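What follows is one chain in structure tokens, specifically the form predicted on its own.
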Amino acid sequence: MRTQVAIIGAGPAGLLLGQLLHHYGIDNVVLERKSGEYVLGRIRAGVLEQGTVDLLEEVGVAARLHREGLVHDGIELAFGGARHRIDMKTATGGKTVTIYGQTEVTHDLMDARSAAGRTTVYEAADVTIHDFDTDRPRVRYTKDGVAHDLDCDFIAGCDGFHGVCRPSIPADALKTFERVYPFGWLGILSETPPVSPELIYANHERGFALCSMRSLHRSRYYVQCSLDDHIDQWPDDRFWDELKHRLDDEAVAHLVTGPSIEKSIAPLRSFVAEPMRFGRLFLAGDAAHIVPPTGAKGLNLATSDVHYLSQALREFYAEKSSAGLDDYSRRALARVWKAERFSWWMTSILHRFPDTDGFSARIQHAELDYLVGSQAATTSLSENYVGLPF
């Protein structure tokens, strides 16, 4: 089999890249080691920047998003027993974010790809990439016990942090940067109405908490926890009690509890691999970088990567120019590092660290107090949260 672009990974990054390339008339094949059902079962992010929504509109997969997604004009910061609203729409001249689950984005992209007749190979086992430092790269995989070769012009590694693409690059050709945080997020999903119309980010002496949502009837809540904790140590009643401790009185009064339909503990890390290109292999999304979820940037960074990459590939095939491909890593990383900075900053002002003493806690409170009282600081947070321009 032959294609122009082989895309490894059928998460939102790979599927959106495939749809953009289809939109531009560029042939592509997507390979995914898991089943489609498994991919749709992964519970992930749900805050979409305006740029992400615009890309989904461009490829014609935003109709359900606009019907079911929740447009948010701001967020709330809770500290010192009170809540303070950040009006992002006013601060940014009209920009907003949309609450729409990553699972739903993936579902919409899967449907669009199927309707377009593009090839996606699920349960592709033993995927390996070869000769990507030449002009004749290829991908090998096994499907139903049969070995296959996929010849291509380029390989897009959209296969996540634990995928095969980044480790296939010679170690001396990559530089990695990492910070592992000394805590995790315990998250639950429940069929309950959200406690507030907008997200609440809470700084509390017991630890960080986040009140989020997936719809008007489904809520997503998080509390900071120890990396040594296990799910079986957190029955639902304990989770709800702990969340109430970290929220203000008004939020507690409006909180509707119920049985969890999903529960998980996620460690937090910042990670960047440079460069994001080696020969004819291009990394995108979590294959190249990870951010702590505090800034709601993971999925949105993946979409900006595939925006840059799709534009570069379009230029290559339409104009016979490799300038965009040559500049892909620099352009993508410039935005990645700004998002890394913002996510690190949000994490640092909202969480309790093991070395947080009285002085550090007062500094956090002072920064938050300045943030909600300064138009300049509010604008800075808002510009980053709704998404910096591509």
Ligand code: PHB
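So that there is no doubt, residue numbering starts at 1 and follows the sequence shown. None of the values given here were measured: they were computed from a predicted structure.
In what follows, reference is made to the form predicted together with this ligand, a form of this protein that is not presented.
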property: Listed residue (Leu109, Met213, Leu186, Leu247) with a non-hydrogen atom within 4.5 angstroms of this ligand in the predicted bound form; result: Met213
property: Sole residue of Ser190, Thr294, Ser310, Gln224 within 4.5 Å of this ligand in the predicted bound form, by heavy atom; result: Thr294
property: This ligand in the predicted bound form: contacting segment from 144-152, 166-174, 88-96, 294-302, heavy atom within 4.5 Å; result: 294-302
property: 4.5 angstroms heavy atom contact with this ligand in the predicted bound form for Gly46; result: yes
property: Contact test in the predicted bound form: Arg220 vs this ligand, heavy atoms, 4.5 Å; result: yes
property: 4.5 angstroms heavy atom contact with this ligand in the predicted bound form for Phe132; result: no
property: Residue contact check: Leu199 to this ligand in the predicted bound form, 4.5 Å heavy atom; result: yes
property: Residues in 333-353 close to this ligand in the predicted bound form, defined by a heavy atom within 4.5 Å, in order; result: none
